[in-house]
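Only one chain is included here, represented as structure tokens and corresponding to the form predicted on its own.
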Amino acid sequence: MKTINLKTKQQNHPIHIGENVLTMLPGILETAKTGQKIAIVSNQTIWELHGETLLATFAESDYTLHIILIPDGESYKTMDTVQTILDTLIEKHFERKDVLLAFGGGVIGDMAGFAAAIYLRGIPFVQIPTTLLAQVDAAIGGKTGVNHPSGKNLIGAFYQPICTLVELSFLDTLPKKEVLCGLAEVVKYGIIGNTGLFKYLETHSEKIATLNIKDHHRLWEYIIRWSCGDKATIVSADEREAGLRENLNFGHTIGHGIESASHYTLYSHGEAVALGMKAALELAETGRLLDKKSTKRMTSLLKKLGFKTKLDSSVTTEAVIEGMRTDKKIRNGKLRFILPTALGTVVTIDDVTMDDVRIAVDNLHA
């Protein structure tokens, strides 16, 4: 097992990574002096696969567990679903020391974390991510929230969990599409700052592209640990996204536009981000920030790992642009793009012309 400490001004937020890490949870809660009620937010699919494992963790404890199963999918990441969670907390008379636990992927973590942040102005929150995307990205850093019909993650709060437990064995049952979704964020870490990780992905691209975690457990464990460490380091330095943390948005500005334009159904978050990264690389090259050789190398890795690099014709360029207009990273009316200047180095640019953005998105159709 490995523990990574994410440090904020308030306290440390440990991330425990390994197998059988759930056994630590009762002791963590006891040390934190939490209440005896725990609300577990999950969905039917995750609960059927791993619910018994989580329940066994509390078999010899005195905690009272309440299970809240919510619908699965990005389209349910709404205030209505958060209201369902809050209704249960109120009905069961949860107090300020009682615990809300997210047990699932990024959508569950975002909504459960937001509910924890606003219920009684904040109750203890635990993240147990079960998808690769959540383990390497969404469950780390304290971003919580929901989507709005006008855009992704427009309503939310920064709220850190008291701990995050990354149970690697959960990934053995993960569908390959979900593995690919999380892998996009791993590639992102390599491009924006971790050249060693990028080279590791290149060297092992053939095995990684099988998306078979169970047969290559050590390889994926290495990737996950490295990615968690990168995210924790960045968030520790800039929890509220005032500077350095913005780099994590590489590929996300256009990626979120693609998700919005396709109504969060055609592409997973990771697939949309991969397309967004490809478009961002083109913008960097067009702006003479990045040379063609580097662009080709980074785009080539996306293709080798199995990402789609062509946007479906049903998703129009104008719809993507419209989806980007409500991006929460807009400042003074200007879209901000994270663009590479070399492998491992990025800059924030706010003077990219909309004509260049249209061309980059148009070229995703080519």
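We number the residues from 1 along the sequence you see. This is a predicted model, so every value here is computed, not measured. Heads up, when I say rigid core I mean the largest set of C-alphas that superpose within 1.5 Å between the two forms.
We do not show the form predicted in complex with a small molecule, though everything after this point is about it.
For the candidate set Ile28, Leu49, Ile321, Leu65, a heavy atom within 4.5 Å of the small molecule in the predicted complex is found for exactly one residue, namely Leu49. For the residues Ala261, Leu100, Ala284, Leu133, the 4.5 Å heavy atom test against the small molecule in the predicted complex is passed only by Leu133. For the small molecule in the predicted complex, the listed stretch (195 to 203, 100 to 108, 83 to 91, 218 to 226) containing residues with heavy atoms inside 4.5 Å is 100 to 108.
Proximity of Glu74 to the small molecule in the predicted complex: non-hydrogen atoms within 4.5 Å are present. Not displayed here, the small molecule is kept clear of Thr34 by more than 4.5 Å at the level of heavy atoms in the predicted complex. Glu178 belongs to the set of residues with a heavy atom inside 4.5 Å of the small molecule in the predicted complex.
Among heavy atoms of Asn43, some come within 4.5 Å of the small molecule in the predicted complex. For the three marked residues, His16, Val21 and Phe114, no heavy atom of any sits within 4.5 Å of the small molecule in the predicted complex. Taking the rigid core as fixed, one finds a CA shift for Tyr264 of 2 Å or more between the shown form and the other one.
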